[in-house]
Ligand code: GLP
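Below you'll find only one chain, the form predicted on its own, shown as structure tokens.
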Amino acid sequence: MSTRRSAAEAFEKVPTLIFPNSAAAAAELAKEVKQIIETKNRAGKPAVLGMATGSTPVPFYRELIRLHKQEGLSFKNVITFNLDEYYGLKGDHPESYGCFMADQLFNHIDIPKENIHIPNGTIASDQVFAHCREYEEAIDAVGGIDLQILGIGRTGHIGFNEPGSSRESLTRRITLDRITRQDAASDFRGEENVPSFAITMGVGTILRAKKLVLMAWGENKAGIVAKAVEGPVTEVISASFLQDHPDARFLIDSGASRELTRFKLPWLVGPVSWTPRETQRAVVWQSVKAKRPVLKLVDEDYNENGLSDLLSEQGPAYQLNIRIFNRLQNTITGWPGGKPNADDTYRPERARPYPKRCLIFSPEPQDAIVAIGATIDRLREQGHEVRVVSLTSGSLRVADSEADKFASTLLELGATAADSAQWQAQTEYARELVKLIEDKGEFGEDPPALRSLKALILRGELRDAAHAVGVPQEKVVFLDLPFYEKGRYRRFFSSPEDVAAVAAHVRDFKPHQIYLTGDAADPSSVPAIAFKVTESALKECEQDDWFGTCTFWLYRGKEKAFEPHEIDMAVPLSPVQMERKERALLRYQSLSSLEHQSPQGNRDAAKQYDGLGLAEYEAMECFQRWKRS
């Protein structure tokens, strides 16, 4: 795998290879692992691999399984050491990393069980230190790790080496950062259920590996990847220590590369093709850097910040500023469905037809209302037919406590009813639910009856939230795609059955507008899989009569928000509309802390536009026109 670097990579302090998607990167890395195994086999030695967990390595592990099953790659002479394990979880806990590795890789290849090493999350507290020392000694006894696989957390951690971990740190028990626990909340059905501690290889342990490869996918990782690759080496970001390793690389997809200088500020590393989007990016960046509105930028601002080529090609500054200001201004519209009987030359959405049929895709039941609830309200107010489609049931995100509360209410109603005999069936159902919850334990797999109830709870929440933004119950649809119902987080596999269900619904509605999300999400997440399914379904509809007149708008959910130069439509929101959206969000009992912060993200978007010299609004929901590949 070549790591030769170009002039464009001048700001990068560790080789960073960029792939079009996670599958391509995983295939390249798996090919290298195959070479290591075969080379070691020829030398009569075992290959020693350091393994990572979480959603990031899932595509890589699937490719290793393919190599084993289809190309005969054997793992009989491979020894593995996992980076970490939650402290306090038994090995058969569905969210333990021991269970994860068995499910994602070890159960599908021929690696001997005695060759697998994972920190023991149930070791007695007074034996943790000795266990960690023994883990270090086991690595040294086999000659060290040949290739260590890494992911990166939002805090910049590798393994569970949270901010503050030193370069010399060894395998140890560590307290997990609040952000790390937030990110794991969906896996554990609530942040309060995420363990507070973990056992992890230390930074020093990791750096002793002969080769290090860190993988990262999606725009949510772009900011921390840039800091780790281009920023100073610091204990605040343990991944930055890879800069000092003689054979370390980052393998990332295009989404995770967005904040690297060669993509975010390409004019600082070489010639630029000044497309309209690139020009807008540069002017917005200059405005933010100078802390002045776009219309107040002067020639010196451009010349002193690497933008003299742009100025000579499209200047002077006054004319360039006005052109970009007008372009930004034209993204703002209070008519997301198009303004009827108006000149739409400079509007994001066309005026006709009116009214429009607007299809809002929500990967899980909360996503659309959380991200664009006020726009949905606006579309409905302006007379358009709005249909909200939850692609999945969302049952995996509902805590047992919510199901238990429902069962308890049924039991109480049965006990207090004047004619309790009429409630016999409901009472028996409630008792069955309580028993199912007790029998499966705190983190056991939900049996079908319990999962069905949790889906019904979220259906009610979405209908209630949609009603709060003006969408009637009959306009809320649940597709319950099979990939979700048959799987769980990080263990999803879509199929033609999923695609057919979405295509059939779209063809039935024949929309003029489609709103969707997930294009920038982690590839193994629900939004990303739902997006791929929807993309495939729309491809099947390309020859339909309605398709050619349909517009497609991307929105952001938990992913990184659009930057001003990426926005094609910004819908301004009044204080009253924001209050309505916030009231709608209160109808959900299962929102994460990040989802609760959505209104603040809307207000931050408005502040960005205000800083560029545009009108000051309370908040904004922002969209990008989807130009399908």
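For every residue, the number given is its place in the sequence shown, counted from 1. All values reported here derive from a predicted model rather than from experimental measurement.
Not on display, but discussed next: the form predicted in complex with this ligand.
Enquirer: Would you check whether this ligand, in the predicted bound form, lies within 4.5 angstroms of a non-hydrogen atom from each of 84, 153 and 490?
Expert: Every listed residue reaches this ligand in the predicted bound form, so yes.
Enquirer: Residue 494 near this ligand in the predicted bound form, any heavy atom under 4.5 Å?
Expert: No, residue 494 is distant from the partner.
Enquirer: Is residue 159 part of the interface with this ligand in the predicted bound form - any heavy atom within 4.5 Å?
Expert: Residue 159: contacts this ligand in the predicted bound form.
Enquirer: Taking this ligand as it sits in the predicted bound form, is residue 53 near enough to touch it, meaning that at least one heavy atom pair lies within 4.5 angstroms?
Expert: The answer is yes: residue 53 has a heavy atom within 4.5 Å of this ligand.
Enquirer: My question is simply whether residue 250 lines the interface with this ligand in the predicted bound form - judged by any non-hydrogen atom within 4.5 Å.
Expert: No, residue 250 stays farther than 4.5 Å from this ligand in the predicted bound form.
Enquirer: Among 54-62, 26-34, 556-564, 569-577, mark the stretch whose residues have heavy atoms within 4.5 Å of this ligand in the predicted bound form.
Expert: Residues of 54-62 come within 4.5 Å of the partner.
Enquirer: Let me know the one among 361, 97, 241, 484 whose heavy atoms come within 4.5 Å of this ligand in the predicted bound form, would you?
Expert: Filtering the options by heavy-atom distance leaves 97.
Enquirer: Of the residues 397, 221, 378, 356, which one places a heavy atom within 4.5 Å of this ligand in the predicted bound form?
Expert: Looking at the other structure, the residue within range turns out to be 221.
Enquirer: Who in 161-197 is close to this ligand in the predicted bound form, meaning a heavy atom within 4.5 Å?
Expert: Result: 180 alone.
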